[in-house]
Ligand SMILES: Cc1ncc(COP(=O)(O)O)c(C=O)c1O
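Read the single chain below, which is given as structure tokens and is the form predicted on its own.
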């Protein structure tokens, strides 16, 4: 038999999907009934002028979804498993009406968009976007070899679920790395592998936060953290920072709070939390029964002095959850981060991780183990640490050459610094626009994935400059361009006045 099908060629809808939809609609509206014979795939392809593979794909989907059945050496038929009364609709299938109102449940999530990438990137030649590793630093050849080796080694593990907490050898390798590098003594059993620190923040919020839970954030703060806690309806307490980090003496007198800090290289200002304030923060957490989240996002890069012991390394009461990531040291695309969770929370955190996604992909985890255990990761860090330090020095030199005695923060480490603009300069947002006209991306705090709950004297007039993804030549050209654009802006404003 033949069936009336009309295919449209000038459309984005694939031909096999058009065949599937039209036959399914004939079954729904009763034109094809249970037991009716369908033409063979070869015959149908000749009838409508398409390849046999196209009709086979459509038939395979109809068969998989139970609309048709095949009888070997006999033919293809509309399935008898569907009673006629359920196959027939009183109305034809509704076409999507763009003006129709949805009957879906209301959306409960009301969080804003987090800026983790630059939407203006196509308009920029030299981009000081924060947190971007040097694209040429990714260990491509090593990573390709490690992935290929693990594809052969892992065998059936690639088809099985693993421990939601992560691949145990990787957790061991991380524990071994953190002892000498961050002064943290921990065991693999307290480590959970996550898809970057952002997933870790979501896991913590779901684990510990209820409506109106007091959450203490730095002011200004990392956007990704603030938005997560706000989305869970937290009671936010912003605490200002100065050149020595969060003002610990302004912590509220609350119980069972969550306190999020970036002590090694405060985001976004770049300042470091002093040792004295670290100790007082730990004392406050122990006294109030509160939990500290230490986000150590770029601590692999320290250029001046010995690395400070992480807050977690000073924590004698087990009140600190430590967040680390490979997004900055290797690349955000591999989506591997980790948490060190206090013993009193680890069982609940592992159960929750299992409910969220049953763990991270094992292939990348296994490759990373080899990278760390065979010394590749340490060598990689040494190379890019030197490279980023040279780029920081070039940025400082270019700023001083063009603008004189600049007020800079965050020079000791990390992948970005902040520049406090003089009062004689236009606002950070205006300077951002001036730079963009020169095809240079530099950023006010709001544009740099930061939240300023209400500008303080310290956070006012700050520009954030990420230097890790730009070479020295590009850095000098970019800052020269900003200086030229600022000069033009001042001339224009003087002529108007």
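Positions refer to the first chain, counted from 1. If you're wondering where the values come from, they're calculated on a predicted model, not measured in any experiment.
Note that the form predicted together with the ligand isn't included here; everything after this is about it.
K.L.:
If the criterion is a non-hydrogen atom within 4.5 angstroms, does every one of 198, 267 and 328 touch the ligand in the predicted complex?
P.N.:
Heavy-atom distance to the ligand in the predicted complex: all three under 4.5 Å.
K.L.:
Which residue, 388, 222, 229, 419, has a heavy atom that falls within 4.5 Å of the ligand in the predicted complex?
P.N.:
Comparing distances to the ligand in the predicted complex, the residue within 4.5 Å is 222.
K.L.:
Which residue among 237, 335, 126, 412 has a heavy atom within 4.5 angstroms of the ligand in the predicted complex?
P.N.:
Residue within 4.5 Å of the partner: 335.
K.L.:
Would residue 322 show up as a contact with the ligand in the predicted complex if we use heavy atoms at 4.5 Å?
P.N.:
Residue 322 lies outside the contact set for the ligand.
K.L.:
Wondering, does residue 167 line up within 4.5 Å of the ligand in the predicted complex on heavy atoms?
P.N.:
Looking in the predicted complex, residue contacts with the ligand do not include residue 167, since no heavy atom lies within 4.5 Å.
K.L.:
Answer yes if any heavy atom of residue 295 is within 4.5 Å of a heavy atom of the ligand in the predicted complex; otherwise answer no.
P.N.:
It does: once the ligand is placed as it appears in the predicted complex, residue 295 has a heavy atom within 4.5 Å of it.
K.L.:
Within 4.5 Å of the ligand in the predicted complex, counting heavy atoms only, one of 176-184, 151-159, 379-387, 295-303 shows up; tell me which.
P.N.:
It is the stretch 295-303.
K.L.:
Does anything in 439-474 come within 4.5 Å of the ligand in the predicted complex by heavy atoms, and if so which residues, in order?
P.N.:
Result: empty, none.
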